[in-house]
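In the block that follows, a single chain appears as C-alpha cells, in the form predicted alone.
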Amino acid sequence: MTGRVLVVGGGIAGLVAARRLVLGGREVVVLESSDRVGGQLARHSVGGIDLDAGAESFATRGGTVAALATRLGLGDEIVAPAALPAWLYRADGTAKPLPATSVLGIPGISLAPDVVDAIGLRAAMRAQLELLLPSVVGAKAATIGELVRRRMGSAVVDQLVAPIVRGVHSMSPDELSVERAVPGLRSALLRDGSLTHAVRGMRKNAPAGSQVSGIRGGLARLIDALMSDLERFGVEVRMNTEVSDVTPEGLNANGESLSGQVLVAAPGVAADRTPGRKITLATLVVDEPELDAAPRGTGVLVAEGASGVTARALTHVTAKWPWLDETRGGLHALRLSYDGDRPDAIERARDDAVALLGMPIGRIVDAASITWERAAPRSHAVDGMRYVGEAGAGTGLASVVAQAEAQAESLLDADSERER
C-alpha cells in the first residue's frame, strides 16, 4: 500500500511522523480530536511571561531533537540551561546540591565531597566498593533501580537516583528500564569494568546541564514549525475530529469513512485505553528580588518521604533559561510538579516553594496550573497497526521523536520493498 496515510493524533509524535511520511512521497491526513495540536508541547502566559505549559527541555542524547529543530529552521535557537547546579531536598528536610559528576544521580566519583554531603559517608563508601565488583554484576538488570542498587547500594538509589527519575520520568527507578533511563549505560558498564567508570566516561568533558537543551522562546515553537511545514507540503490537518471503527485500512472520522493506512499517534485508539499517570504542574510568578541570586540553582528535586512537602520537584524557570531571564521584567517564574490531579496545586505550591527554596518567595503576581496525563506503556495497536507516541517510546521528547521518525521510515521502507 503506497497511498494515503491517516495519522490519528496531532501530538508531537503524530506531526513528526506526518512530516517524514509526506517527505517520503505519501499523502497524509492528520486527525486530531481536540481544538489544538501539540499535545504536551504547549505554551501559556503567566504574569506576562510566556512559558512552556508542558515539556520545557529535551535530552540531548543521540542528537535527535536537535536534528529535528535544525531541519525545521530552529537550529540557531537551541539553547543550553544556565550553568547552575540542581539541588536535592532530602527526607530530613535539608537541601544539598546534587553531585556534579553524575548521570541520572549515579555518581561518577563516589567519595567526592558533594556525594558524601548528599548521602553521607557510610553510603558513599558502600558506593565506592562498586569498583571491586566484576562488571557482570547487575549487568542484566531490567531496571535502573535494580542495576544501581546491586552495584552501589540502596542509598544511592533512594537518595539520588529516585528523586531525579521521579522528576524526569514520573515513575520510580524500579519501573524504568536501563535502556530508557540511560541509553548506552549497560554496554559502558561492561566495556569500562564498573558503573563508576561508565558514568565518569559519559560525563567526561560534559559541563553541568549539557545533557539537556531548550529552544529560545520555548519548546512549543517546534509545533509551530512543524505545522508550517505540514501546510507547505500539503498535509491536511483536521481538528475536533473524533475517530471510530479503526482498522488497518481505514476509519470513521466524524461520520465520514476514510480509507488509508492507519498510523496511531494517540492513546486509547484502536484498543482499550489504560489510564496513565497524571501529573500537575503549578507555575507561580513572584516578585522576590532575593531570588535573583538563584539560591537553589536551576531547581530542587525532592527525595521520597520528605515531610511537609507535597511537590516532587521545583524548577526555577527564569534562572534555568537565560533567554527567560532577559525577558522576566524583574519577576521570577517557579514551576512545581505534583503527582496526580491536584486541584489544590496552586495553594500547595506557595508553601512548598518556601520550604524547597529555604526562603520567603514574596508577592505572587500570577499563578496557573495544568494537569497532564502520561500515556500508559503500550507496544502496538491492535491488528498490528503502527503506533507512535509516549506509550510506546517512553517519556521524554528525545525518545518520542526518535520513535516517530523510525516508525515513519519503516513504513516507507515497507513501501519500497513491496514495489520491488
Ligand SMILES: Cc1cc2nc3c(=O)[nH]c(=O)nc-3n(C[C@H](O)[C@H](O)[C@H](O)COP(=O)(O)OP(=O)(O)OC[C@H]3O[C@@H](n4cnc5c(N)ncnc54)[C@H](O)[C@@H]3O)c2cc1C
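We number the residues from 1 along the sequence you see. If you're wondering where the values come from, they're calculated on a predicted model, not measured in any experiment.
Quick note: we don't show the form predicted together with the ligand, though the next part is all about it.
A.B. asks: Report whether the minimum heavy atom distance between V8 and the ligand in the model of the complex is within 4.5 Å.
C.D. replies: Yes, V8 lies within 4.5 Å of the ligand in the model of the complex.
A.B. asks: Does the ligand get within 4.5 angstroms of any non-hydrogen atom of V269 in the model of the complex?
C.D. replies: V269: yes, in contact with the ligand in the model of the complex.
A.B. asks: Taking the ligand as it sits in the model of the complex, is L397 near enough to touch it, meaning that at least one heavy atom pair lies within 4.5 angstroms?
C.D. replies: L397 belongs to the contact set for the ligand.
A.B. asks: Hey, in the model of the complex, does L31 get a heavy atom within 4.5 angstroms of the ligand?
C.D. replies: Yes, L31 is a contact residue.
A.B. asks: Just one of 66 to 74, 361 to 369, 348 to 356, 52 to 60 has residues with a heavy atom within 4.5 Å of the ligand in the model of the complex, so point it out.
C.D. replies: Contact criterion met by 52 to 60 only.
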